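The form predicted on its own is given below as one chain in structure tokens.
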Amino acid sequence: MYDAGKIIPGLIIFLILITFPLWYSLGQSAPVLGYQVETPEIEQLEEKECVESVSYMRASHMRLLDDWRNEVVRNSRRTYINNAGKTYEISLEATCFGCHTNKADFCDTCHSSLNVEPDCWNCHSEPKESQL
């Protein structure tokens, strides 16, 4: 083998560098997101429900919002019927911001921790923060 004295140590160093993130974080858990779900508006509601289940909204809210946008812009439909058969107006400001008024705590904390920059505010006005 030619230059085995250089190739083998080089491969070992390469493998150490490539696998460093795996063994460095071994046994550590991911940080818990500290976002605020309960707003004063939500606390005043008798039935605390969103347009879909909480687990669905946490996992797929952007897909839902994209679908809503497409329905309004492309098909001129302004109503959404959820899995339970309940009807909602397709409107970020009228439906979502009616309860989720604490954008800094509710939206920004989660999006910042995940390094996500949604483009919602290119078209929509940011919600007014509720004053306690």
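Just so we're clear, the structure is a prediction, and the values are computed from it rather than from any experiment. Counting begins at 1, following the sequence as shown.
One more form of this protein should be noted, the form predicted together with a small molecule, which is absent from this view; the next part is about it.
Although the partner is absent here, residue 73 lies within 4.5 Å of the small molecule in the predicted complex, judged by heavy atoms. In the predicted complex, the small molecule sits within 4.5 Å of a heavy atom of residue 118. None of the heavy atoms of residue 17 is located within 4.5 Å of the small molecule in the predicted complex. The shortest heavy atom separation between residue 95 and the small molecule in the predicted complex is within 4.5 Å.
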